[in-house]
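Take a look at this single chain in structure tokens; it is the form predicted on its own.
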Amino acid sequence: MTDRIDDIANRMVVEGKGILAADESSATIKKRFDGISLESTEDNRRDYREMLFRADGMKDYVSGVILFDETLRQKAADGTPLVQLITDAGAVPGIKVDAGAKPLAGHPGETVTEGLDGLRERLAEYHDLGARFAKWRAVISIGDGRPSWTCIKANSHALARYAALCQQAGIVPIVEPEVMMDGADAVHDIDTCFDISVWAQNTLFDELFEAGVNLEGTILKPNMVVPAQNCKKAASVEEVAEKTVRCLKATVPAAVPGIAFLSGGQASIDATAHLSAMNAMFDLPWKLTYSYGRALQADALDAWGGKQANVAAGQAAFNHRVQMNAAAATGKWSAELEKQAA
């Protein structure tokens, strides 16, 4: 089983491809659909995901897809399981398994991710449904007195317990300790983000070791080291790349096969530029790739607009973004390439 998990993990971070995060909850996808004045029905959600999964870019640039529970069970309009569309494109189907970030008792403004109860049984079912990796997201916020040690420790421990259960079920765990980029300007510049990210990731890998998790069969999905969105002190692409890689070198064992960054609310172009700079500037022991949601989907969603007549336009927008991020995953993206391929 260990060799098999290692093999899946390596397929997920194969060079020149990345992971599509299509695991938006029903509440989140409703907000996205509200932006294009589309009702969030089961059929509309299916049609949107089917449009993405049938796009040509899936075959060339996507190594895995994170799904929501509903999507894992859905079939395309012609009756083909959506999981089959993903595997036919050569990508690995995955599943979000956490139950969301809930208030952490005794620590106002902080959360702990729940969902461990019954997870063993759910993972067995998800494996039967075709999922071969899973994702669990922890949320770390920066603010006055935040994060606390309790928050870092509780979330890291939950991630480790989840990861151990995944591997026992033959499923690769993606561990996601996200330091949010929406903190207050006064306490959340890029250096603060660096310090908290190092703290969170060091604690996580301590917990993974203590839980007996096989790192060769584990993927890290971290935030990039960036200042808060409303921080007045901007950071250059090179500074983000340098500080992010320095954080990884200080925290991530070389046994981990790959790191798939979340976009974390960055603009699509920014997320692409930062990833490319890291791959171009440094020789690293891990594959650095993407696991983006909005940064891959926003343009496609707008181009589609919920209309069948716009499926080709939506797929073209999606193909462009995954192509650009695939170039970034090899350090070959540039603003000129972005314009040429548009």
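Please read all numbers here as calculations on a predicted model, not as lab measurements. Heads up: residue numbers just count along the shown sequence, starting at 1.
Although it is not shown, the form predicted in complex with a small molecule is what the next lines describe.
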{"property": "The single option of 240, 262, 83, 256 touching the small molecule in the predicted bound form, heavy atom within 4.5 Å", "result": "262"}
{"property": "Non-hydrogen atom contact residue 289 with the small molecule in the predicted bound form at 4.5 angstroms", "result": "no"}
{"property": "Proximity of residue 49 to the small molecule in the predicted bound form, heavy atoms at 4.5 Å", "result": "no"}
{"property": "Residue contact check: residue 324 to the small molecule in the predicted bound form, 4.5 Å heavy atom", "result": "no"}
{"property": "Partner proximity in the predicted bound form: residue 274 to the small molecule, non-hydrogen atom cutoff 4.5 Å", "result": "no"}
{"property": "Option from 293 to 301, 278 to 286, 310 to 318, 51 to 59 whose residues, in the predicted bound form, bring a heavy atom within 4.5 Å of the small molecule", "result": "293 to 301"}
